Structure formats: structure tokens, C-alpha cells
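Form predicted alone, single chain, as C-alpha cells, below.
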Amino acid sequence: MAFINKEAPVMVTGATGYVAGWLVKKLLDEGYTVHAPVRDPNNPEKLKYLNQLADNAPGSIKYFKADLLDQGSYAEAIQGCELVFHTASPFTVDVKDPVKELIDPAKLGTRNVLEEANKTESVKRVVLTSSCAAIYGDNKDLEHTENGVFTEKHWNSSSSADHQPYSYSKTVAEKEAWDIAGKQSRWDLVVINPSLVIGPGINPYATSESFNLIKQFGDGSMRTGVPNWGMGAVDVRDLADAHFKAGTLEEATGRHIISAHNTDFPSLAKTLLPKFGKQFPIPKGAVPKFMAWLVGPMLTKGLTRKMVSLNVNYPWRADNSKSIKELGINYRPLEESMVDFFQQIIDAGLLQSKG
């Protein structure tokens, strides 16, 4: 008998989001019934991309009215579910009050979903979308690791409400999840820790920071160059596969770094040059660190000089071997993810060619 009964519905929070879109597609294609709690189940425009997926798949989707921050609002959607994916979380760098807009909502949202799992006898597993941001705060943190590489055993200890508040919110939320999971024994918690998510979305007009970032590679705002800022990157389609396997493989346990490439901004831009370099002002090199330090905070909301100091010209390295061995993830090439993503942004009319 399978660990998760395919006849039981599966709840996916944040189903209309960038990361969840491909996960919902995978579940529908595999024949599952997806319970999607959303703010407004009667908004066909907001749900049209998910409805299109369901129309062409053996599975089905049902919508429930819910709000991440309203206690008890997931009670109806979670009924009968053995598997819960909690992907919903605020992701923005442009905040006025990080505690109110990022940290409290991330923690409260996690608590609301997991406490509902506690009340629902059918739930066997919760898969939480956390982030590599819960593993590290700044690239300079790499210097404090044993072998110069981030692993699942590391926790972000350098972020706070004042410095890297988004990373801090992910850390606080994941710790809250482990705390709640540890106080019961009926369901188990499996955590997914992705790096920067790239690749085409189910919704080509998604409001994700990833879309904003990659769009800037072609709109001229980075024509003089990009900072040499190290990071990890993973395709959203591979990330969906990781979620699915984390939910359905009985032996999956603990945290999983989901990151295909140890890379940086100049390398991301370089993947776009062969196909798009003639039509768009793709950055061709790195700007000096002092320039990023001087000008960056004026151009990009949420970027501080401290962040520039602790991240630019520092590499980023993480060990993704657990995701390959335990979840069987086969990561696609960086160029494929970037070219597909950039092409989608063009096709959606969000970038205009200069040529």
C-alpha cells in the first residue's frame, strides 16, 4: 500500500503562486485531487491558469476560501487530506515594517497551517517550503562553515529584523514549523530549502521577485553591469518535482537544499547573451564592488550597504547531494532555465526589444 493514498485530496497553500503552480500541475497530472485554499474562490481571472491545468489533466482542483493569517481558515480545505504542502509565504524585499509585513505573517501563517494539521486526523505529512535563506544570511557566512559549503545542518544566525529581514522571516517560520511538528507524532514534517528560483511560471504575469530580477537583465536598468553577488539557483520545475517527491516518498525526512547551481549574477546574465544579446541590453560584466556599495541602495529598494559589503565578491556554495540521493532530483542546466524564463517574459509583452 502506498504511503499516501492517491484517492485522498492534497492541500496546497499558495496554489496561485509561482512555486506552487508547477507543483499543482504535477499533482493534477498524477491524478490527485488538489484542495486549493485561496483568498477569493470566485475570481476566475486569478484562477484561470490553474483551471487550464485541471482541464487538461486526470486530476481535479477544488477551491476554498481562506487567508493565511486567519486562524482556522484552512479547516475546510484540509478535511480528508493526508498530504499538505505549505508553500504560501510573503516574498518581497520592499517593506516599510519588516516585523509587521514579513516576520509575523511568515510565522503566523506557518502556525495556522500546522495547527490545522494537528486537528485533522487524516494528515500524515506536511511539506514546508522554506528557503536557503533559513540556512544562511550573507555569503560571508560561508567562512564560518567547516568545509566552505552550506549544508542542511546549518541555520541562519546572521539575519535579523533590521538586517536581511526576509531571510530572518524564513528562519523564524521554519523554526516554528519544527517546534510544532516536534510536539506531536501523527504527521511528519519534510522541509524544502530552495535557493533563488528561476524558470518560466504557470502564470506568465506572476508577481514574483524572481520575475522582477530577470526582467531587469533586459530592460536596461543593469546595462552597465551587475554586482558579482554569489547565489544558488534552481529551476521552478525541478523545485516542483522536489516538493512532489518530498510528499510522496515515505523515506523522505528532514531538510533538503534544493539548488542546482552555485552561481552569481554575472553568470546568470551570461547565459542570456548568445540568444538575446543583440536585441536586449544584457549586462556583459560585473560592476566594481565600490560602485555597487555606492549606487546600489539608491537604485534597489531593500538593498543596504551592509548587504553589499557582506555579499558582493563572496562566492556561494551549497551541498545539494541529499536532494539528488534521497529525492532523485535531476537538475536541468542553468542556461535552459534562464533562456526559458527570459523568453516567457518577452512573450508576455513585459520586455521590448531594442532591435
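Residue positions are given as counts along the sequence shown, with the first one as 1. Everything numeric here is computed off the predicted structure, so don't read it as measured data.
Separately, the form predicted in complex with a small molecule exists; it is not shown, and the next lines address it.
The three residues Asn228, Thr263 and Val312 each lack any heavy atom within 4.5 Å of the small molecule in the predicted complex. Think of it this way: in the predicted complex, the small molecule has a heavy atom of just one of Leu268, Ala88, Ala77, Ala242 within 4.5 Å, and the residue is Ala88. Proximity to the small molecule in the predicted complex, defined as a heavy atom within 4.5 Å, singles out one entry of Lys306, Lys46, Lys322, Lys289, which is Lys46. Listed stretches are 123-131, 150-158, 268-276, 217-225; the contact stretch with the small molecule in the predicted complex is 123-131, by a heavy atom cutoff of 4.5 Å. Although the partner is absent here, Val19 sits close enough that one of its heavy atoms falls within 4.5 Å of the small molecule in the predicted complex. Taking the partner from the other structure, the small molecule in the predicted complex has a heavy atom within 4.5 Å of a heavy atom of Gly14. Not displayed here, the small molecule is approached by Ala206 to within 4.5 Å at the level of heavy atoms in the predicted complex.
At a distance threshold of 4.5 angstroms between non-hydrogen atoms, Ile135 is out of contact with the small molecule in the predicted complex.
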